[in-house]
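Before any questions on how it binds or moves, here is one chain, the form predicted alone, in structure tokens.
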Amino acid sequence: MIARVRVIAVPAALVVAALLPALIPHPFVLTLATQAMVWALLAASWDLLSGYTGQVSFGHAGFFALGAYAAATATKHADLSPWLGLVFAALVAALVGGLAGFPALRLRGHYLALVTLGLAEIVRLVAQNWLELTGGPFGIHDYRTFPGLPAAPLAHRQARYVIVVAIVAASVVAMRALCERTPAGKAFRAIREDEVLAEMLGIRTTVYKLLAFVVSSAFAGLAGALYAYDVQLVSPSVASAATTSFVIGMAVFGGLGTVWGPVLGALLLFGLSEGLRFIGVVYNLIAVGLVIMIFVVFVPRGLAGGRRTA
């Protein structure tokens, strides 16, 4: 069953994503599809850290918010090009991830999870209270998005969608290559399976855990920048625990330790959440929660069918 899902669902999802601007050229549909791709990148970045390396993070929304605010503030206050804003956001998130990760990754299990949760809360509080830079509770807006796009509204939306899809696809391929084609990926999986044994085998666990933390943070920051330039409004709510919870649900639904599984899980769950908005904002989240619960019970390895050991 899982093999059939893998063979059919992934190519179908990729084809639909690539052809969506031509299949359904509607601004609302393209807006939802663009946001789904942003969530897909965020879920994949969380999976790189928690699914591959086994380092549970409850604060991924903090790096997402860091990237979003870094891109928005740099574009608005420093007149930085949005293209450079993407790079700047990833670097800021990676830097904060490295500074926070070095002491935090000496912890394990729920201690690390609590530290990352606290980091996200710090980001949220700073964003809410630094009025001059972030706009405070009302958020930051009135900044530029990607330049050089068509002026016509529909063509502009289509072009923005293509840009986001291209960046997300390249990012996912890069993360997949790191985790599956390099010695670092083998070290990640060894740490996930048994960190003490990995240390005994000569693997520098702290170095590789920090690498996973930095890379994961960078791609989360990149996802935040894409979100900022697409929505053109960043508020402190993006750093909330609800954001991280949704991302974890997407990753579990898609399959931990696979990178592409959380991508597919994000696309499906975000689509389900938005498609059920007609029943109410609260009830659609309840429905998504029920779907995740059912998958955890009956398909614990997710759509991807499990994760490979070292």
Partner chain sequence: MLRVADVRSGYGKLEILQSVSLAVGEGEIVGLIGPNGAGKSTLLKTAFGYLAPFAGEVALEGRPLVGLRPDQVVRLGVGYVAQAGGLFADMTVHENLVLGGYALRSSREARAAVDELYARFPLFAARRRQPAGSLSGGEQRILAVARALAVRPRLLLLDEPSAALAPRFIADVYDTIRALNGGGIAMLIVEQNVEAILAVAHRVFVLDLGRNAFDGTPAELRASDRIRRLYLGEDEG
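Residue numbers count along the first chain shown, from 1. All figures in this text were calculated on a predicted structure; none of them were measured in a lab.
There is another form of this protein, the form predicted in complex with the partner chain, and it is not shown here; the text below is about that form.
- Message: So if I measure heavy atom distances to the partner chain in the predicted complex, which of the stretches 133-141, 229-237, 81-89, 201-209 falls within 4.5 Å?
- Response: Selected stretch: 201-209.
- Query: Any chance L20, P27 and L30 all have a heavy atom within 4.5 Å of the partner chain in the predicted complex?
  - Reply: Judged in the predicted complex, none of L20, P27 and L30 sits within 4.5 Å of the partner chain.
- Query: Heavy atom within 4.5 Å of the partner chain in the predicted complex: which of L149, L95, L197, A177?
  - Reply: In short, L197.
- Message: Only one of V172, I163, A187, V214 gets a heavy atom within 4.5 Å of the partner chain in the predicted complex. Which one?
- Response: Residue within 4.5 Å of the partner: A187.
- Message: Contact with the partner chain in the predicted complex for P153, defined as at least one heavy atom pair within 4.5 Å: yes or no?
- Response: Judged by the heavy-atom cut-off of 4.5 Å, P153 is well away from the partner chain in the predicted complex.
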